[in-house]
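This document opens with one chain alone, in structure tokens, the form predicted alone.
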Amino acid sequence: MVYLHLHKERNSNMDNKIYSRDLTFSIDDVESRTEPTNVLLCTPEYFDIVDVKNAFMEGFQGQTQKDEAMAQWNSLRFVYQNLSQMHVIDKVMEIPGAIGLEDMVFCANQTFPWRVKDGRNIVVMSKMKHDSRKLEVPYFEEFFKGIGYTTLHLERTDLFEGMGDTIAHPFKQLLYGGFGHRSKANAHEELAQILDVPVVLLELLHPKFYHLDTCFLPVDTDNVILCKEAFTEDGLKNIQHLFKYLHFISEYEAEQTFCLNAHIPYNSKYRHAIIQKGSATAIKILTDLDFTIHETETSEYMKSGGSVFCMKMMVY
């Protein structure tokens, strides 16, 4: 199923309707977009695993190695600082973690920032599934207000987990919205109306791929890396319609290495990817596509169900 909010002036097939299954437009019909250039991280001093919110956390309660988690986070921050010096990104920004909010370090989930077509920066606040994570959202709302964003709240849904389930097509005014575990389809329908941007819905089937960012990695405008076991047949068909080249990762490798939770800071001049160590297939795909690879260790965070993509937010 696909929900779209589209512009009549772009194409006669794009007429502000809700679409299902077969898409009637190509990626060339979609308007271009400027990518954000700043990275936001949340400090991990309160990171822990205290309960089970996803399949990866089972058996790891109380097993967090705090010193190792801090060292891994510092290594990831160092990668981003180096990328800033190389002008791949601009600033590395930080928000302090809050006591009692052990998952706040996964700062891809609490918000969805966007630059609308008139140039304003807005951020849509998440409606988290788990009660403890709902408490994280106000900290991020305050942060975004402080850097000049307009904050918005969805009204017609009770589940929406930000960029964990909402991923943009690189350099295009097009979003992919995962639903089924942590976000609902009606959240993405409302998001499409608020942002005036098309959203392609992708139903997530597999319990290990509870967020879209665990199984779907757009590489550039033409290429995407994904795990096909995460999606319905219709979802795969729509992904294939919008990307020229699909590169598949096995279910085992996606689960074991979190390689599809890598992060590519989209830049028209530089091609860099930050990825968890050990994913031979994904690293070969990216290397063959002329990416410079930055392998990093996020094993402590993988126990909690997240890796590089989950631990950052791109900000205008």
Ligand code: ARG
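Since we're looking at a predicted model, the values are computed, not measured. Residue numbers here begin at 1 and follow the sequence given.
The next section is about a form of this same protein that is not shown, the form predicted together with the named molecule.
> Among 90-98, 210-218, 116-124, 225-233, which stretch has residues with heavy atoms no more than 4.5 Å from the named molecule in the predicted bound form?
It is 210-218 that comes within 4.5 Å of the partner.
> Tell me, which of H247, K53, R33, H272 has a heavy atom within 4.5 angstroms of the named molecule in the predicted bound form?
Answer to the contact question: K53.
> Given that the named molecule is left out here, which of F140, F106, Y80, F179 has a heavy atom within 4.5 Å of it in the predicted bound form?
By the 4.5 Å heavy-atom cutoff, the listed residue in contact is F106.
> Any chance S304 has a heavy atom within 4.5 Å of the named molecule in the predicted bound form?
Yes, S304 sits close enough to the named molecule in the predicted bound form that at least one of its heavy atoms falls within 4.5 Å.
> In the predicted bound form, does P198 come within 4.5 Å of the named molecule, counting heavy atoms only?
P198: no, not in contact with the named molecule in the predicted bound form.
> Answer for R133 alone: is it within 4.5 Å of the named molecule in the predicted bound form, judged on heavy atom distances?
Contact check for R133: yes, within 4.5 Å of the named molecule in the predicted bound form.
> Should N261 be classed as touching the named molecule in the predicted bound form when contacts are defined as heavy atoms within 4.5 Å?
Contact check for N261: yes, within 4.5 Å of the named molecule in the predicted bound form.
> With the named molecule taken in the predicted bound form, which residues across 152-171 come within 4.5 angstroms through any non-hydrogen atom?
The one in contact is G164.
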